[in-house]
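In structure tokens, one chain follows: the form predicted alone.
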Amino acid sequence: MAVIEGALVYSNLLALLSIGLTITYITTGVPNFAQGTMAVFGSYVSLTLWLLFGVHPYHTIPVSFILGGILGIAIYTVVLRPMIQKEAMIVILMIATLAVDLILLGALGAYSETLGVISGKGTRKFIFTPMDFKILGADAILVISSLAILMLLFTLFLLLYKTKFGIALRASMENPALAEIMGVNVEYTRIFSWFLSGSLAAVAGTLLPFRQEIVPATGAIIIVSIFAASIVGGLSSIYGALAGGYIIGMSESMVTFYLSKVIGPYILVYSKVISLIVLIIALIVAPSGIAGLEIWRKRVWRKSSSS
């Protein structure tokens, strides 16, 4: 039971991260390789508030949400927007996000050392699991991460299908050039998408230490699973990213666990290989991801039309 709960928690967090990655890819066409390190940024925001002010990590979620969103906007406006305006190729933009990832990694490493000196505690490696508690017999991280997903889906549904801005956002996702001709400010929708992506990453980063140990380089490790989830779901679909997050999260957690029982615990180090194997199999079956399957497209189309 504990294994299943852990797998669900990981899948919830992976879904948050893959949805954020997919949103920015749809609006700007940029595969953001810094998404994992943006999550670790949220982890260190929560660690800072805990060590310096005694704020429980769960209570730091709103702060992480806002600061993560600001980080997302900064990455887009300072780094990517000038390059997009100069019509840089996607490959160049992708390399730019890799550069951002390395810069963030170095900054987090330096910051962790400084925070350790100020707080007098080890900050290069940390975990929040001892601070977790029970809610109705279940670990709080399971309840809170599940609520985060449900709130996200409900909010996205209201935003995308029940507001004028949501209609503009959907239009800019589907056809930016046509949306701009129709009077939609595509630039605003792009800024909002990067804010939302950064916010989701930071919230996931706040919750991630309740499941695993965090170091500054954790983002470089989890980015494999994030991309696998987004690609398996289909990089053109938010709903696909959600499904991909659970497929990769459950596969990686459960398969690795059962393999460790047969082969030995050392196999846990290679858990990301499971994600890549699932990715390859999924792409052989559906090269465009789950969102590219005909039955999926029909269901989403009917849902969009009825809304």
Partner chain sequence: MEEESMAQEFFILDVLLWTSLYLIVTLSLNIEYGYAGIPNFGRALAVLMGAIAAGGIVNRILIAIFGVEGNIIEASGGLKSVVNPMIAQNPLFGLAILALSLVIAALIGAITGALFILPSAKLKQDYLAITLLAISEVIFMVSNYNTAIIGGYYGVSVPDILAWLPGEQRFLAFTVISLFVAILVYFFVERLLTSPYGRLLKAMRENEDVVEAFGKNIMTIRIKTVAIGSAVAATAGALYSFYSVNVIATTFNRVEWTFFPFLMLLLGGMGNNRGVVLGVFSFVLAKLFLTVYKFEIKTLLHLPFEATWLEYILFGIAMLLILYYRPEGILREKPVMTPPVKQALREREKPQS
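Numbering follows the first chain given and starts at 1. Predicted model only: the values in this text are computed from it and were never measured.
Unshown form predicted together with the partner chain; subsequent notes refer to it.
Chemist: Against the partner chain in the predicted bound form, would G234 count as a contact residue? Criterion: heavy atoms within 4.5 Å.
Modeler: Taking the distances in the predicted bound form, the answer for G234 is yes, it comes within 4.5 Å of the partner chain.
Chemist: Using the partner position in the predicted bound form, report whether F227 sits within 4.5 Å of the partner chain, counting heavy atoms only.
Modeler: Yes - in the predicted bound form, heavy atoms of F227 and the partner chain come within 4.5 Å of each other.
Chemist: Find out whether any non-hydrogen atom of S119 is located within 4.5 angstroms of the partner chain in the predicted bound form, and reply yes or no.
Modeler: Although the partner chain is absent here, S119 would stay clear of it in the predicted bound form, with no heavy atoms inside 4.5 Å.
Chemist: Test of understanding: in the predicted bound form, would E113 fall inside 4.5 Å of the partner chain by heavy atoms?
Modeler: Close contact exists here: in the predicted bound form, E113 approaches the partner chain to within 4.5 Å, heavy atoms only.
Chemist: Looking at L178, I95, L147, I127, which has any heavy atom no more than 4.5 Å from the partner chain in the predicted bound form?
Modeler: That would be I95.
Chemist: Between I70, V55, V273, I263, only one gets a heavy atom within 4.5 angstroms of the partner chain in the predicted bound form; which residue is that?
Modeler: Looking at I70, V55, V273, I263 one by one, just V273 meets the 4.5 Å heavy-atom criterion.
Chemist: Please pick out the stretch from 61-69, 46-54, 247-255, 275-283 that is in contact with the partner chain in the predicted bound form, where contact means heavy atoms within 4.5 Å.
Modeler: Every other range fails; the passing one is 275-283.
Chemist: Checking a candidate spot here: are Y25, I103 and P287 all in contact with the partner chain in the predicted bound form (at least one heavy atom each within 4.5 Å)?
Modeler: Yes: each residue has a heavy atom within 4.5 Å of the partner.
Chemist: Could you list which residues of 18-57 come within 4.5 Å of the partner chain in the predicted bound form, counting heavy atoms only?
Modeler: If the 4.5 Å heavy-atom criterion is applied to the partner chain in the predicted bound form, 18-57 yields Y25, P31, F33.
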